[in-house]
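Two separate entries follow, structure 1 and structure 2, each one form of the same protein chain as structure tokens.
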Structure 1
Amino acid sequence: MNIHEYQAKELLRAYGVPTPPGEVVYTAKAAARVAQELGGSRWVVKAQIHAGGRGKAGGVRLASSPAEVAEIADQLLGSTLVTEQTGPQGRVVNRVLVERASRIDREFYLSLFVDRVSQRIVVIASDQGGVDIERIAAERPEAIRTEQVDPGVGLLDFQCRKIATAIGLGRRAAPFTRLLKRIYRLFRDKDCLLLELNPFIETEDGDLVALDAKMTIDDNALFRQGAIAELRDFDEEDPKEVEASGHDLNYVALDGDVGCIVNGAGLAMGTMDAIVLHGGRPANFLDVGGGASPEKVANAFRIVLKDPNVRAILVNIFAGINRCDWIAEGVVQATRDQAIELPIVVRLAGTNADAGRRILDRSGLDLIQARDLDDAAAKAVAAAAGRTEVRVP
């Protein structure tokens, strides 16, 4: 789960990490008020969306008067901001963060993330922070420093000093160490997957400040992070994904035309690979999980069909805890109740597979049955392309 920059900064401040003074607002009038209350001569107005690259897309702007702050806020609020991470559809800006501008001496990059390969938290730092960090990482990998944290002992002082020295903060090693350990504690306490400060700055007065912040929380830990779960902004998420979570379905929208309804995350990934192998593109990842009832399958169909790009649906079930006859009943119920006219390819294997196939046969519906995963993927790709013949890759 992602949260907004202003929310991440509130958490950072609670752990003693300095951030620029500011306030999130929803109207241009409120933006001008905040600028006046903050004081100073320059302010920053920052669009709050769940995507990076805002600065390059015009979502982060400087202002030199409260009137200009209001003007910029008015331009941003309600607009659609398109960045490298939003895709061409962009994101609607519903709120902006108004901050007093900082007097920057040096910019750094600092982040922590969970590395699934090493199964450790990794600290990444660079003395080349800012909007071009991705390009710097690609062209000058030696400018990126990493440090793995042993989960048994946590982040140690000597590791913080190593990072400080590597990025040119050796003389500020003591305050940097205190700051980094607070950030690490926040990361652990809140079950983060990613915490990125870019840029992390040293001001002209010598203060270390988190100028920007991005935070991603592990969805699987939200049951013990009630306060964090309340920060979820449903307007920033795909409505189909939000609805799916309400039905206990694991759904992720993609950009293809073959809708997928599968049980098990591994089989769902394999199904998408098979679709690509046969020249198609999956429209989604959808795992109905174990013990899927006919109603749950019907809900899965309804969510998949909300994607206007879907041209065919592939139902791939390898039943263990699930029962193929239940899945078949769900397919028949959904096809009839929702008057589905798109081609539906069904592959059933495992518990009660024969019973499930008999239900499909007796339904009288024009359902396409498949022998195995390869056959199912080939038929689904062909159906999505409007072909009746199956092409062998």
Structure 2
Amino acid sequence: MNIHEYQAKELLRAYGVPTPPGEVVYTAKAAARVAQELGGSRWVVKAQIHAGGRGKAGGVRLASSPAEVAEIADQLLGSTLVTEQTGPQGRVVNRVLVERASRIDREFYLSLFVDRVSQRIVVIASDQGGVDIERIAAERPEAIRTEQVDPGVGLLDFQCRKIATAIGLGRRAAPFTRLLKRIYRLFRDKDCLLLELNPFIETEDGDLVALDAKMTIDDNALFRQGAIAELRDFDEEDPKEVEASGHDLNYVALDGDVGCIVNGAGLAMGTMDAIVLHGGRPANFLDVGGGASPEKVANAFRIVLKDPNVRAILVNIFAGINRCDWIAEGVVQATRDQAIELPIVVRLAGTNADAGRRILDRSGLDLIQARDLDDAAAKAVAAAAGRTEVRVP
């Protein structure tokens, strides 16, 4: 789960990590008021969306009067920001962060993340702040310092000093170490997957400040991160995906026309791949999970059918913990109750598959049954294209 920059900064401040003084607002009027309260002569107005690349897209702008702050906020609020990370449809800006502008002396890159290779929390730092870290890694790998944290002892002082020296903050090693250890504690306490401060700056007054913050929390840990779970911003997510997660279904919207209802993440991906191999395009990833009841299957149909591009539906179940008879009942129920007219291809295998197929046979519905994965993908692609015959890839 991602949270907004201003929310991440609130957490950083709670852990004693300085950020520029500022406040999130939802109206231009409030933006001007906040600028006045903050004081100073220059302010930054930052669009709050869960995507990077805001600066280049015009989502981060400088103002030199409260009136100008209000003007920029007015332009940003309600507008759609298209950045290199939002996709062409962009994101609607519903809130902006107004901050007093910092007097920057030097910019650095600083991030912590869970590294699946070393199976550790890793700290990455560079003296190239405000730049895409992938680009630095490609162009000047020697400018990047990484330190792995041993979970048995946590981030150690000497590691912080090594980083400080490597990025040219050797003289400021003591305050940098204090800050980095606070950042690490925040990362660990809040079950972060990623915490990126880009840039992290030294001001002209010599203060170390987190100028930007991006924070991703482990979804699997939200059960013990109640306060953070409440920061979830549903406006930043696809409404179909939000609804699906409410039904305990794992759904990801894609741009094809074959709707997929599958059990298990691996088979769901494999099914999408088989559709592509047969010349089709999946409309979504959907994992109904284990122990799927007929109602859950019916909900899966409801969500898949909200996508107007869907021309055929493929139900592919290899039941282990699931039961094919329940799935079949769900398919029949959904087809009747939702009066589905699109072609539906069903492949059932594993636990109670024969019972499931009998339910489909007896339903009298015009369902297309498939004997295996290949057959199912071929039939679904043909059905979506309005063909009845199946082509061999």
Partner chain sequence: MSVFVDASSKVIIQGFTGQHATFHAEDAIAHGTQVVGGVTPGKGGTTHLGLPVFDSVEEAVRKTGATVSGIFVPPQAAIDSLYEAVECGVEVAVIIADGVPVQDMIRVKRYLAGRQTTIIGPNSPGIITPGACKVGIMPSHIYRRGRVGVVSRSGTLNYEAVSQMTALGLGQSTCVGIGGDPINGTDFKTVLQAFANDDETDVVVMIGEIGGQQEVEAARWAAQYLTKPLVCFIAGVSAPRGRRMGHAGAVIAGDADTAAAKLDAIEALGHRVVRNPARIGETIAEVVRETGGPVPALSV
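Rigid core: the largest C-alpha set superposing within 1.5 Å between the two forms. Keep in mind the model is a prediction, meaning the values are calculated, not measured. Residue numbering: structure 1 sequence, from 1.
- In this comparison, the chain shown as structure 1 is the form predicted on its own.
- Remark: with the core as the superposition reference, the CA shift of R172 between the two structures stays below 2 Å.
- Relative to the superposed core, G53 shifts its CA atom by less than 2 Å between the two structures.
- In the core-superposed comparison between the two structures, G78 has its Cα shifted by less than 2 Å.
- The two forms, fitted on their core, place the C-alpha of I344 2.8 Å apart, compared between the two structures.
- Note on G279: its Cα is shifted 4.2 Å between the two structures, core used for superposition.
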